[in-house]
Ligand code: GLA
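Below you will find one chain, with nothing else, as structure tokens; this is the form predicted alone, and questions on how it binds or moves follow later.
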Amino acid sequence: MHALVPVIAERFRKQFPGKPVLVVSPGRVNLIGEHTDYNEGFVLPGATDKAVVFAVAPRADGLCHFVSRDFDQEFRCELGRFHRSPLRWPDYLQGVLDQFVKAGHRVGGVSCVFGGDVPIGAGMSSSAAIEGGLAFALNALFGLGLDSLALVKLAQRAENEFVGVRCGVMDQFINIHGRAKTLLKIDCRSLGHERVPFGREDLRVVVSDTLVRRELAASEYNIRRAQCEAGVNILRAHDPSVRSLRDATLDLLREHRAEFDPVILRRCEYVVRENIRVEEACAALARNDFAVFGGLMNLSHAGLRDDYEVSSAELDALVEAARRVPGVLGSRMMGAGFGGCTISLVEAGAVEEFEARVGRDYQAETGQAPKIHVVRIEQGTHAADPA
């Protein structure tokens, strides 16, 4: 049981009547497969033990009353009369309720207390944890009977339409479908998925936060999408079956490279190679070859840095510091880039040295200490007992 379950349950009991539904909704890490989702490619994420915990109960007055334990703030709105909030966090919750109402589902007002330990702004998708957790709770609370994929799509639409972030589906998908000691290879075109074992007890997943917020990420993200689409348009003129870079091959790119702007060619080659790396990473895990898996993480970072050009001096510094520590199998930037976090695969016995040396080396280079989080691959969103 997550340590915050009794804490959130007690906070609810002090503020609201009734017995709430208790839900644990995790953040996520993506081991490999970056910037492939919007190119209809493959990703390999896992749910983590860092999570947001909800206590939610129905109300008879049509009011939605949300309490954020972490921010020590409250927000109220009427069901169906939602409005953007300057506090920002209520929008993720309102967006979920808005989607239930728009879809014609019979939901009522709610009392809700939530709080968690997913690092905010660190690329572990605290937003999807909020969206998925509330969607799961409402589905249970009002007996709606929606399946997991319906909840995923609803949570994604909440962020796309109400919050206004044009995210892909990976974060919400792994939030709902995650399993302990298991990664999901997700096909971002079909939304099919395969479970890939990730249960080595002698290894740890370590997330290191640069503390640099990703101011350039949104604008550069849109530029990268446009560059990928431009590459697809060139290839489609020669092969109409190419719908996205998911359908491209390195041979096809090389055959028509004279028609490409050199920058667009590098962007496209990165995406095609990253999809291949996801396939190779899954094969490596299937034979328990974590050395090869770590090497693929390193190659992924090199591609993100040199070909897709979404890394930063701080991300590179963290990756280079990590790789100098004995017992680190692989390390790369994670997420949109231009700040945020790295993810490293570290032997359990090397974690203490990793934290000391990476913290020291990064501070010497940048003037500030990184935040380092050691995470486990755990269950996706699920109901919890208050015991």
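Treat the numbers as computed from the prediction; the structure is a model and nothing was measured. Heads up, when I say rigid core I mean the largest set of C-alphas that superpose within 1.5 Å between the two forms. Start at 1 and count along the sequence shown; that's the residue number.
Although it is not shown, the form predicted together with alpha-D-galactopyranose is what the next lines describe.
The candidate stretches are 320-328, 63-71, 37-45, 349-357, and the one lying within 4.5 Å of alpha-D-galactopyranose in the predicted bound form by heavy atoms is 37-45. A heavy atom within 4.5 Å of alpha-D-galactopyranose in the predicted bound form is found for exactly one of Gly115, Pro119, Gly168, Gly108: Gly168. Exactly one listed residue, out of Phe100, Trp89, Tyr221, Phe198, brings a non-hydrogen atom to within 4.5 Å of alpha-D-galactopyranose in the predicted bound form: Tyr221. The closest heavy atom approach of Gly340 to alpha-D-galactopyranose in the predicted bound form falls outside 4.5 Å.
Taking the partner from the other structure, alpha-D-galactopyranose in the predicted bound form has a heavy atom within 4.5 Å of a heavy atom of Ala336.
In this stretch, 53-77, not one residue has a heavy atom within 4.5 Å of alpha-D-galactopyranose in the predicted bound form; the partner itself is omitted from this view. Core-aligned CA deviation for Arg195 between the shown form and the other one: less than 2 Å. Superposed on the core, the two forms differ at Cys228: its CA moves 2 Å or more between the shown form and the other one.
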